[in-house]
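Included below are structure tokens for two forms of one protein chain, each presented in isolation as structure 1 and structure 2.
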Structure 1
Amino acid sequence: MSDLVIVNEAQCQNLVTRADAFKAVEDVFCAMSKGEAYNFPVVREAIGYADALYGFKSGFDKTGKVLGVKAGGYWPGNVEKGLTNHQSSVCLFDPDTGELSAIVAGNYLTAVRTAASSAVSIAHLARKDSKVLGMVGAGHQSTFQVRAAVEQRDFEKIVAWNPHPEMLPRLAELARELKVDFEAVDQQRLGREADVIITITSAFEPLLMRDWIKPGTHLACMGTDTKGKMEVDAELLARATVFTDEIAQSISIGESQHAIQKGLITEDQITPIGDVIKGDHLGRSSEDEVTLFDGTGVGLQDLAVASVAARLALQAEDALKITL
């Protein structure tokens, strides 16, 4: 007999902090780099109903002993129902026996692990003296991104641009809460002023061009997670030293897909961020280097934070447990 723990959205939000997510994501990137954690092939299908995209991301982390699958996708009509469009849930299994050990709500965890991923890239790649954070994107993920980013450097100001400017007040409000200056700017000015830029949109065309970026900038490109999506000019990516969570995803569904297709870079020019975390790669090599993190979002990140949620829930007295 084994115990199955069930963790809902509210519990995940109460239990898993940004610091927990940062450590879980950093650790699993390192395990991936050591060859001790693997993502299995991703399934993503249009289900022919409700315009929904549905799929599975799964993997196994031998170091953390985390085996599982995140199931979910995108339901564009959800906003009208008062729900977020992205919906997901994680199932974890005992890697020694295959028994189901946890069912964990995945919506908050997806946002917090995605923000942790760009934060890990800022921690390891951005210049230490970065003062201005540039935000391209103002949707659901954007506030999670800002909260995680400001914990990595002493940002004094946020400059932001979004294809839909009416969404920017949510970032202005957050900046007020965080006591950081805020200014809505055009894309060129954002490129001129920002030391670190996060892109987190659903764009299919470049929003930032090569020559708008100043030397020494670090970019975390987080929105491109599907074939055809694109947030920055392929020439900009080719100008940068490129890091990623996983090379296979980076060249197929990530921001690097376009520069690869155009022959501007080759796969061997992209470095897994885990190599930097474990000390095999220097990361940034000069103050003028442009670094770019292609954060495609891997299943192992979801499993890592879900396993933290399940562990903390089991320690809490109000955990919902079922004996199988």
Structure 2
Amino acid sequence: MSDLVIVNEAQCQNLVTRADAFKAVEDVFCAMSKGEAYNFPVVREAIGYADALYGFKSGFDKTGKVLGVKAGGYWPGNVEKGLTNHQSSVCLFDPDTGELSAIVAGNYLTAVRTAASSAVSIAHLARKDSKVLGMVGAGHQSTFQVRAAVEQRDFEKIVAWNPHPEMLPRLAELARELKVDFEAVDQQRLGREADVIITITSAFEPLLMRDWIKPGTHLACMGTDTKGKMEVDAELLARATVFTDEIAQSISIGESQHAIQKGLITEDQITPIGDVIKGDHLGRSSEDEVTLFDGTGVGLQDLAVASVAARLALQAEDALKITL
């Protein structure tokens, strides 16, 4: 007999910090680069109901002994019901026996690990003197993105644009809390002013064009990844040095898919960010270089933070256990 640990949303929020998520994500990116962790093929489909996207992300980290699957997706109508658009849960299994070992709520963890991913890219790729953070998107995950980003550089101002301007006050309020200046701007001005830009939308058309971006900018494209998604001009990827969490997802469901299809870049021009973390790639090579991180949200990120949540819940004696 074995124990099944169940960790709910409230416990995840109370236990897993941004620092925990940053380290878990950075470590798993490094393990992926070393060939010690790998993701299984993603299943992601429009279910033909409620405009929802639903799927499965899974993988195995041999170093961390973490095996599991995240099930969930995106329900765009949830915000009108007072619910988070992203809904998911993570199942973890004992890699030695295959037994189910934990069920972990995934909504908060999805947001915090997505923010951690962009934060890792900022830490390793953005100019050290970056002062202006640009936000394209003001949905639920945007606040997680901002909180994680401001811990990586000494940002003095946030400039933001959203297709629905009425959502921007949430970022303005957060900026006041963080004691950072804030201004709502159009997309072209955002590109002219921002040193770091995070896109966090569900767009299927470019929201930022190549010529709007100033030299030395770092972009983290973090929006919903699926076939056809597009947040920035494909020509922008041809201008930038492109990094990603996993190349296979980047070219199939990530921001790189359009640039690849148009022949603007090749697969060997995309670098796993784990190569930068473990020191095999320089990362940014000059102050004028435009760098772009295509954050596709690999399953191993979810498994890594879920494993942290399960471990911390057990240590705090705050986990529900069921004997199987």
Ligand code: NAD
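For clarity, every value in this text was computed on a predicted model and none was experimentally measured. Between two forms, the rigid core is defined as the largest C-alpha subset superposing within 1.5 Å. Every residue number counts along structure 1's sequence, beginning with 1.
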- [ ] Looking at the two shown chains, say which is the form predicted together with the named molecule.
- [x] 1
Task: Core-superposed C-alpha of E45 shifting 2 Å or more between the two structures - done: yes
Task: Rigid-core frame, C-alpha of F60, shift of 2 angstroms or more between the two structures - done: no
